[in-house]
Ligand code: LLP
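Heads up, the chain below is alone and in the form predicted on its own; it's given as structure tokens.
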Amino acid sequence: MTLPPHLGIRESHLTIGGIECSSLADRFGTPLYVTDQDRIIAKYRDYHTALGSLYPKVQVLYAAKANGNLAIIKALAREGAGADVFSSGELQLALAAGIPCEKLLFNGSSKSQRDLRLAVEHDIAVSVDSLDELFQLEQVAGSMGRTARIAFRVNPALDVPTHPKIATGLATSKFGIAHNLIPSAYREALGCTHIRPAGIHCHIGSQILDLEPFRKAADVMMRIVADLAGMGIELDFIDLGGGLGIPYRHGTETAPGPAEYAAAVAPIIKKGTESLGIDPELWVEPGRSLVADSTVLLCRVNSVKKAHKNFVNVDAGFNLLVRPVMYNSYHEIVLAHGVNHIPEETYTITGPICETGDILASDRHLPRIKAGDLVAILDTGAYGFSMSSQYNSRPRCAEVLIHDGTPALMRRAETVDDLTATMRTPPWLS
């Protein structure tokens, strides 16, 4: 197995950010998410440098849905990152982290009146997903005596090689407006009194390991931008979204990095904008590829059971990592105190949730495992804690951030009191 540079092996023990995982588990308890901040920042800089070398005006927006911890957003904000936000909650987290309003895009296909008012109040660009939303935004902005900056979200009708549940640019997707209808949508926007078209936006999916769909999306976008330029619309930004995947199967799977991605899309945007005599910013929205491999989920083995399979029962289940159940996704799993020990058994790793499907990994060849051992699930920084739940009334675990060799809590573990804090007893039950 090939480990990313922030993970290491010291006398058979897995380390992250130079610290042994076993010592982190002993100190902070398990289950435990552990994230290396320096890895995230290195990835961000890779994106900014690669795109900036090929296009003069670049803004990297972090897809906050991937991991919404305030500490991570703050670390990226200090580097100059913007954010793609998908709710009022994510918007307020981004503002609290110090991201300027002009570096935010409020995305989503189903925004409430409260969402729209919040965006207009802070002069945050809105990725408009339908004409209905456009007209609602016009009314909201008018009632506030403001002008809303918008970008229509383009559905480019591209089939991409990824899980169907995270392919967002399909013709049948709930997201965006069909690419052939976008010019007429902008004409509607021009007819509004309180709307200013400021950009154009698309996002074709997630965990994409092939560059060709990104090239095609860039081509579609530039054809539309040319039509808009002919209508006299001056765009501040062209947002290509995110979606670049990572190699979850270490050693057998590969993925293009920021440099390859930039080489695929930036020349298309540059050639198109230069031919039109315009100079909008190029925006991109990486999420998974920024944060996924920065994090491990540490789990303690509760018991080992020999049945029709060898089951390793750990203290984290799909309440903390739903991706294997929801997407049938693969995560590497290692014995944290025996990473390079010889595999002896085939195990299926299961969680404590009262569901047959609570399986984190099936049929993995690993060193011999016993109760009390520590296992590490790799590449859990994206859509791990952010998609977690309190199912079975299980409080969610702590999160630790490591920077320059120093670990600190960035979220304490929940307690049962946290589970009941928002509950109220109706008077007839008092």
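Numbering starts at 1 and runs along the sequence shown. This is a predicted model, so every value here is computed, not measured.
Keep in mind the form predicted in complex with this ligand is missing from the figure; the text below concerns it.
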*Identify which of G199, G82, G351, P286 has a heavy atom within 4.5 Å of this ligand in the predicted complex; exactly one of them does.*
P286
*Could you spot which one of P156, G205, P213, P258 gets a heavy atom to within 4.5 Å of this ligand in the predicted complex?*
G205
_Since only the chain is shown here, I'm wondering whether Y330 would be in contact with this ligand in the predicted complex (any heavy atom pair within 4.5 Å)._
no
*Would Y383 sit within 4.5 Å of this ligand in the predicted complex, counting heavy atoms only?*
yes
*Exercise: L244 in contact with this ligand in the predicted complex, heavy atom 4.5 Å*: yes
*Decide whether R39 counts as a contact residue for this ligand in the predicted complex under a heavy atom distance cut-off of 4.5 Å.*
no
*asked:* Heavy atoms within 4.5 Å of this ligand in the predicted complex: which stretch in 391 to 399, 57 to 65, 357 to 365, 23 to 31 meets that?
replied: 57 to 65
